[in-house]
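Below sits a lone chain in structure tokens, taken as the form predicted alone.
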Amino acid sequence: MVKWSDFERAAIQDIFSKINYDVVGCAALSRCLIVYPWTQRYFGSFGNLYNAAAITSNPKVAAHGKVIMAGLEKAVKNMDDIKTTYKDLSVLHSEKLQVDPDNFNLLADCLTIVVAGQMGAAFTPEVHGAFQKFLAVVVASLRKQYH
């Protein structure tokens, strides 16, 4: 069980209330697919992912970015039990999709960069710390089925 301070809870909720899910989800997934091209192997059905322009304009990438953000929103709403909230997602990614669990960290890093860019000066070191803690719990929850 993760212990959240009042500040951390407020910071996470504030971040998710201010960001544009459509923009952030697409930008984070696009960045991940561009910077770490080996992650593209899980998205073979997405069509043209041959270069940055194709990835950033791909409607399937944008749609999956929204799915990712919806999943994160569930974690925000269930901060006291993210592992249970993500149980089915962990099983899906480990057993059916067979995603390399290290890719969750890569996507989390890309998400942090995009959120920091959107929030600007409001993304203080303290807010950044709370966001990193949140993402670490999300990643650990997604990796749970792999153990």
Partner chain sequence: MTLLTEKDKAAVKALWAKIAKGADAIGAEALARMLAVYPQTKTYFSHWPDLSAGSGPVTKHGKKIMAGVGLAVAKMDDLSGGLLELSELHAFQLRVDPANFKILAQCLQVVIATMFPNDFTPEAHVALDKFLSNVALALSEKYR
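From a predicted model like this one, the values you see are computed outputs, not experimental measurements. Numbering follows the first chain given and starts at 1.
A second form of this protein, the form predicted in complex with its partner chain, is not displayed here; the remarks below concern that form.
Notebook entry, point to check: Which one, I34, I82, V99, L89, lies within 4.5 Å of its partner chain in the model of the complex by heavy atoms?
Noted result: After the contact test, the surviving option is I34.
Notebook entry, point to check: Should R9 be classed as touching its partner chain in the model of the complex when contacts are defined as heavy atoms within 4.5 Å?
Noted result: Taking the distances in the model of the complex, the answer for R9 is no, it never comes within 4.5 Å of its partner chain.
Check: Is the gap between A52 and its partner chain in the model of the complex 4.5 Å or less for some heavy atom pair?
Finding: Yes.
Notebook entry, point to check: Given that the partner is absent here, does F16 sit within 4.5 Å of its partner chain in the model of the complex, heavy atoms only?
Noted result: No, F16 stays farther than 4.5 Å from its partner chain in the model of the complex.
Item checked: Partner proximity in the model of the complex: G120 to its partner chain, non-hydrogen atom cutoff 4.5 Å -> Yes, G120 lies within 4.5 Å of its partner chain in the model of the complex.
Note to self: To test your reading of this chain, name the stretch in 60-68, 110-118, 74-82, 41-49 whose heavy atoms come within 4.5 Å of its partner chain in the model of the complex.
What the structure shows: The contacting stretch here is 110-118.
Notebook entry, point to check: Which residues, if any, of 114-136 lie within 4.5 Å of its partner chain in the model of the complex when only heavy atoms count?
Noted result: Residues within 4.5 Å: A116, G117, G120, F123, T124, P125, H128, G129, Q132.
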